[in-house]
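Take a look at this one chain, the form predicted alone, written out in C-alpha cells.
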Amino acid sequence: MTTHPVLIAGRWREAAASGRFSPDNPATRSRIDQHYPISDWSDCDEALDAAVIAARQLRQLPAEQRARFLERFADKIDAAKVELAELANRETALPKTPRLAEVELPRTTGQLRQAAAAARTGSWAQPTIDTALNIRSQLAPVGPVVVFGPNNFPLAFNGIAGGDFAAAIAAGNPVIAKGHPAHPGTCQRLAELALAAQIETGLPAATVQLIYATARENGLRLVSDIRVGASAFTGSRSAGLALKQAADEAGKPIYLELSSVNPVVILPGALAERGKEIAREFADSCLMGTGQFCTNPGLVILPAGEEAEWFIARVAELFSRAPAGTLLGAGVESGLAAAIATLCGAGAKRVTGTGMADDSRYSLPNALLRTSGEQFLQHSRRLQTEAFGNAALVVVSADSEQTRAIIECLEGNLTGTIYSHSRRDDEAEYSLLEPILRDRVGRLLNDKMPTGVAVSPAMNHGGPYPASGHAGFTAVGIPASLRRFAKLECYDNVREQRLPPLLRNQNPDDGWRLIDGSWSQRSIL
C-alpha cells in the first residue's frame, strides 16, 4: 500500500517522512487500510519557504481574488457533499446525516462565504484615517499561518477548510494546514478541492498547503519558526500549552482553543418551575454528538433539596435509556475514562455509567456523576477536569453563598449558562451570581443549553484561559475572527498613490472606515 502525498508549493508530492500512520474507523474499532506520512522537518521547511513567497504575492493581489477563491472553494465542497460526508463518517463515525451533510457541511461553506464577503469589503481591517496629521493605519496580513484542526469537527474546523482557515485566507495570508490524524482522508480531499479552486482563481501556488502529521518536536519548531506569522490550534490542553510555550518563547502569536466544562447554573425558581423541561434539555445537550462538542455542558450546579434530587434522578433515567454513542477514537475513549476516574478520585459519585463498554467500537456508557458543593470547593481543580464525551458532573450546592463560592473557583470557560424563573423569582440570586460567572466565560447564556455555536458576527467562541489562549479573540464570528491573523500597519505622511487602497482618499469598496473619529463609508474630498 502506497503512502498518500503531501501538498506543498502547489503540487502533490511524496513526503519526506520519518514514518507513516493509518486512521481508525471508530464504529468498528478497526484500522482503515490507508497510509499517510509523518513529515520530517524538511517538509515543514519547504512549506514555510513557499508560504513566505505566497504571502508576498498575496499582498499584491486584490482582495476580490481571495474572495473569489473562498466562494469557489465553497462551491466545490457543496458539489462534493455526498463524498465528503461518507469520508468523514468512515474516519470519525459521526452520522452522515444529518450531522455531516446537513449541519456541518453547510456551516463550513457558510463560513467560507462569510469570510469572502468580509475580505471583499475590507472593513474588518478597521482602516483609520487622521486627515489633519495625515496618519493612516489598518490591519494587514500577518504572514504564513499554521492551522491545527481538531478531531471533533472534520469539516467546519478542519485545518484546510474550517473557520481558522477561512479567516486566515480572508485576511490575506497563506495557510499551512496540519491535518488531524483522526481524519486524514477527509483533509486530503478538502485540500484537493482547495487546490483546484486556488488554480481556477489564480492565487499563488502555496496559498494552501497540507501536512498530515509531524513529530512533536517539529510541531513545536513549526509554530516558533521566524517565517510564521501566527498559528491556530484547537485540541487538548497539554498539546496546546506545549505549542504556546514554543511560540511564546519565539514571540509568535498563537490562538488556542483548549478545554471547557461550560458550567450551567440552575436557580431555585427555575428548578421548581420547569425542572422536567430543563432535565430533558440538559440530557439532550450533554449526549448530543456523544458529548464531543467544545461547548458540551459538563458541569451543572443545582440548589440542594427535593427538586434537585428529582432532577438528578430524571437525568439519570434519560442517560440510562439513551444509547451510548460512538467516540471519535481510541484517544478520546481513554481520555474520557481517565477524566471520569479523576472526578471519582476527587470524590464524585457515579449515578449512571457503571455498565460495560461496547468493545466492538470506541464507546463508554453515558456517565452522570454527582458531588456536593462542599466537596467541590475542597477539590475544585480536579473536579473541573474536562470529561470530553458523554459524561457530566452535577454539583449540589447548599445555598446561594456556596454557589457563589463554587463559581468563584471556576477556571475560564467558553460558555456559562444561568437558568432562572420566567418571572422575577430568581432576580436577586441572578444579580449575585451573574457578575462572577460573566468574568469566567466568553459567552453568557440565559435559559438555553450552550451546545452549538452560531456563525454570527456577534459570536464569541473564546474565553478566559484555559478556554482559549487569548480572551480578547474569537475563533467563530466574522469579521472578528479575521483580526487574529493580522498586524497593525501605520502610514505617516505617505503619498496617496503609495498607500494601500483602503487608506486612500477614494473609498474603493464602500467599506466602513474610521475617519477623524467617525465611522463612515464616504470618500475624502
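Start at 1 with the first residue shown and count on from there. Keep in mind the model is a prediction, meaning the values are calculated, not measured.
Below, we turn to the form predicted in complex with another copy of the chain, even though it does not appear here.
Only one segment in the set 64 to 72, 22 to 30, 457 to 465, 40 to 48 has any non-hydrogen atom within 4.5 angstroms of another copy of the chain in the predicted complex, and it is 457 to 465. A heavy atom within 4.5 Å of another copy of the chain in the predicted complex is found for exactly one of 404, 81, 96, 382: 404. Interface membership of residue 293, defined by any non-hydrogen atom within 4.5 Å of another copy of the chain in the predicted complex, is ruled out. Although the partner is absent here, residue 133 is a contact residue: one of its heavy atoms lies within 4.5 angstroms of another copy of the chain in the predicted complex. The closest non-hydrogen atom of residue 200 lies beyond 4.5 Å of another copy of the chain in the predicted complex. Among heavy atoms of residue 332, none comes within 4.5 Å of another copy of the chain in the predicted complex. When contacts are defined as a non-hydrogen atom within 4.5 Å, all of 250, 489 and 495 contact another copy of the chain in the predicted complex. Of all the residues from 408 to 427, those having a non-hydrogen atom no more than 4.5 Å from another copy of the chain in the predicted complex are 408, 420, 421, 422, 423, 424, 427.
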